[in-house]
Every structure is written in structure tokens, then in C-alpha cells.
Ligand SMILES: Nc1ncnc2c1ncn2[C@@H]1O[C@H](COP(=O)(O)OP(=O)(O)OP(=O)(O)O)[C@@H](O)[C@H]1O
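So this first bit is one chain, no partners, the form predicted alone, shown in C-alpha cells.
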């Protein structure tokens, strides 16, 4: 069953066509990946789904659990159960990590918050009283944002480049969290150009120049990484280009 559907979604910003006639079905409880090169439109697609300012004037329809949410604000979409972890997480000067996570939590229970931090290799005793500010590294802020998603128990989670600024050990913790979200029945959409992140998905879409050009099980989309490129409508594709598959 589809939890989220994009039907003929087109986005134009300052006369530039950013997304072109996007048609995607995201299945409930699956881990999906939207993959492709930098500049393909992946993060723009995520921002459009989330309903960020500047990304809501679209053509087409965004259907969440059978309801058109085109006119819904970010806050309204969040209340419906849609949330997003940014590639560069925000800072909140003056707010402690404990207060931030408690505000996000569906169940206001400090033990639950401690368990989630520990699952991300973040010592609760060390982090709960720290401020969510510039003293934290990008990797720490990313894990705290993921912790807020875990305690929030959202139904649809968008993770924009979850491996950005993360060391190998922390990345494996994030992968464990993705598996936990799936186990809970959460639908996860991974926005990525990383093969390691793509491998965490059940199903994937390949994006190029604002269009979905391929889809299928992750093994099918992995060929993009093996061959660096596949036939697509990108304006910079050389005339003499030939696919590497089979060579």
C-alpha cells in the first residue's frame, strides 16, 4: 500500500524547471532510496515533499495516506507524521539536547531518550545537558537530529544524505537506526548519492536532471555506481557515450 504518492509533480523556480513530471509511489513500511549524482534534484524533491518555503508552488499532486497535502504547511505535514533530517542539521542556541529531544518525543520519558542516545553511541550522561549549538560537530548534530526522529515515532522519514560528515562507526549506528525505523513500520526515504547508503534500501529510484529515469530493487540501481552513468536525458551527456554494461 502506498503511504505517499507524487503524481506529475513539476517544480519551477525563477523560470528554471527543477523537477519534471515526477511520478513516484512510496510503499508503507519500506526503506526507499532516491539516488543520483549531485545536482540531480534529490534534495529539492525532499524539500518539496516536506513542503518547505519556496518549494510548494508545484504542478501535480502530493498524496499522503490518500489525502492531497499540496496546501499543507511544514508544521501541518509534521503533525500528519512526516519529518525530515537535513544534510546540515540546524543549531538551536540556548537549547539543551535533553530539552530538544523531550520536545520532539511522542512519549515524554527521559529513559526513552537515554536509550535512543545510547543506541547512537552518544553517552546520555555526557550529552543530555549539552547545548545544541556550534560546540557540537556536524556528525554529533546529525545523530541528535536522528535521535529526535526516533523518539518522535514519525510515520514517514526523509533522510537527506545521512552519511554526510559521519565517521564509519557512527554511520553503522545510523544504518542500525534505519533498520529500527523499518522494524517499527516507518517508511524511510533516503536521499543519497552514496552506494553504502543505497545498500540499506529495499527499493530505489534513480534521478537525473530533475527526472526519475529508472526504478526497481536496489541491485538494479547499483549499476549506476558501477558504470558511473546510464543512458539519461542529461544535457551534458557526450554524443559518443556508450554504456559500460557488458563491456
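It should be emphasised that the depicted structure is a prediction, and the values quoted were computed from it without experimental measurement. Numbering follows the first chain given and starts at 1.
Note that the form predicted together with the named molecule isn't included here; everything after this is about it.
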item	value
In the model of the complex, the residue from 215, 182, 56, 193 that sits within 4.5 Å of the named molecule by heavy atoms	193
Contact stretch among 34-42, 60-68, 198-206, 182-190 - heavy atom within 4.5 Å of the named molecule in the model of the complex	34-42
4, 6 and 153 all contacting the named molecule in the model of the complex, non-hydrogen atom within 4.5 Å	no
The named molecule contact at residue 24 in the model of the complex, heavy atom, 4.5 Å	no
4.5 angstroms heavy atom contact with the named molecule in the model of the complex for residue 163	no
Residues within stretch 1-36 having a non-hydrogen atom within 4.5 Å of the named molecule in the model of the complex	13, 18
